[in-house]
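Encoded as structure tokens, the following chain is the form predicted alone, with no partner shown.
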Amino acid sequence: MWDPLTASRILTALTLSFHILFATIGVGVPLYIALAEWRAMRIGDRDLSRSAYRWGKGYAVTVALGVVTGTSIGLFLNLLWPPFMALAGQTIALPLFLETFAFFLEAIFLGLYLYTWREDGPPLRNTLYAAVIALGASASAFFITSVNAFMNTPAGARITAEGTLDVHPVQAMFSPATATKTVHVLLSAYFASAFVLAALSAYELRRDPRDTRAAKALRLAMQGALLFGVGTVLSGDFSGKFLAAYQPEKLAAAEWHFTTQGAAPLRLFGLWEDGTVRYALTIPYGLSVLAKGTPSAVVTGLDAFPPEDRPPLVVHYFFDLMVVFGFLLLALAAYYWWRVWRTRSVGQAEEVATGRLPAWFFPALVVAAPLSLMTVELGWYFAEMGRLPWIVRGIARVGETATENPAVSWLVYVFLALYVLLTAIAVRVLAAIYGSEGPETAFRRLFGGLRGGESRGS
């Protein structure tokens, strides 16, 4: 059994780890559904609309499961961290409230989209419904991420011994970290979701190389992978410069930068053993360029902060793995388009996808899907642990804001069992939907169909 603080931290980390998987898919996939429907309407290609509908059915499953973990997070804010909510509750209430409405918008139009979709239906209706789903999903991510931004750079309130005064919820929602954090979260969700959808198409193409619908879906997913991959790298660079200015201790911990100095080197990889960095690859001036854009810039080190205010050094591993995996995924997307460019004279991109890519590429895409989600997880571990020891930076520490109820320990086992069950259900249902028996048959067998579904396409 754990003490209440440790149990609260384990339960929160466990819930966030599960929720981020569903939330990433929930934010990214709707954008591709909308893009596929829009493109299908613009060029009259029903294959893309059929792909969007197939994605929508799997997406509905992840939304249903994400509701469970998302509701748990809302519950835990009050149950596990009551002093935090007493301190910041009224300050962050606005984005939490708006996030709920954004989710309702997303869920209502997802239901309308799945219920009304017909292969021979009006393309404009499908496109509009899908666009609203994507808007609701992205808005939901913006609002909830703005809460996290407030915890990193609190604004919009005055915290005193008498309590929280002069509350301005809009200022709190647009704290200094909101811009860089929300843009990076949205782009990385679009980037990771592209590989989830690409993996589905790759699996289908391995099963039937003549499946032109899957080849077109793969092309759309790889367009998103390249575009949003580059965007994620650029927004990550802006995030690094933001940390140098507003949260230098988080950047210093991520880069194992111990001493404030100019011409600061960048440390990649390595091991922290016996108080010493070993086996690291050092790039002269690299951190100064990364943090402030010039080789001679002074970068604040961990020595500028008392030991009790420094983040744990383990965040360096999370940060490096996130960067390495991210660039591997971007290289995979770039390789696809390089092959398309090289073979553009022999036929359409759909033909390239089925006949001009090496055999290893399709299994690699299947592996890339969980790798992309793991990359997002590593990014969140870095973001959350890099804020430690603070729950609201500079105002309240994690250790001061946890519940004192010893019964929390039991909840860890209860919710661990719940999340394992949810994961098993998700894998089983998604495998049935996209398995060999075909999505329509599996979906009707598992859920009894949406409206009989006889006239719908596959």
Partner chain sequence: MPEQALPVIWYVLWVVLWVVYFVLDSKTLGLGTLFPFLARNEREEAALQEAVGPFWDGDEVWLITAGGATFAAFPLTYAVMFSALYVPFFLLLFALFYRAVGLEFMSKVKDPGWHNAWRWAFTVASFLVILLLGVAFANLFYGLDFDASGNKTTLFTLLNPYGILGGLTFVTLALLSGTIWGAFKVSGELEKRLEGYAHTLWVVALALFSIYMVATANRASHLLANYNQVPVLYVIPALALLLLLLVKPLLSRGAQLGAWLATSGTIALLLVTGFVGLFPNMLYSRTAPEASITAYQAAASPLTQTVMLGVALALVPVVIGYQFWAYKKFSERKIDVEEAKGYGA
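What you see is a predicted model; the values in this text were computed from it and never measured. Positions refer to the first chain, counted from 1.
Although not depicted, the form predicted in complex with the partner chain is the subject of the following passage.
J.: Even though the partner chain is not shown here, does T180 get within 4.5 Å of it in the model of the complex, heavy atoms only?
T.: Result no; T180 lies far from the partner chain in the model of the complex.
J.: Whether L87 contacts the partner chain in the model of the complex should be assessed with a 4.5 Å heavy atom distance threshold; does it?
T.: Flag for L87 set to no.
J.: Report whether the minimum heavy atom distance between F415 and the partner chain in the model of the complex is within 4.5 Å.
T.: So F415 counts as contacting the partner chain.
J.: Classify L421 as contacting or not contacting the partner chain in the model of the complex by the rule of any non-hydrogen atom within 4.5 angstroms, answering yes or no.
T.: Residue-level check for L421: yes, a contact with the partner chain.
J.: May I ask whether L98, F109 and T116 all come within 4.5 angstroms of the partner chain in the model of the complex, judged by heavy atoms?
T.: Spot residues vs the partner chain: full contact, yes.
J.: Name the stretch: of 233-241, 317-325, 364-372, 163-171, exactly one has residues whose heavy atoms fall within 4.5 Å of the partner chain in the model of the complex.
T.: In short, 163-171.
J.: Exactly one residue in I433, M41, L35, I391 has a non-hydrogen atom within 4.5 Å of the partner chain in the model of the complex; which is it?
T.: The residue from I433, M41, L35, I391 that makes the contact is I433.
J.: Quick one: of V277, L124, A93, A331, which gets a non-hydrogen atom within 4.5 angstroms of the partner chain in the model of the complex?
T.: By the 4.5 Å criterion, the partner-contacting residue is A93.
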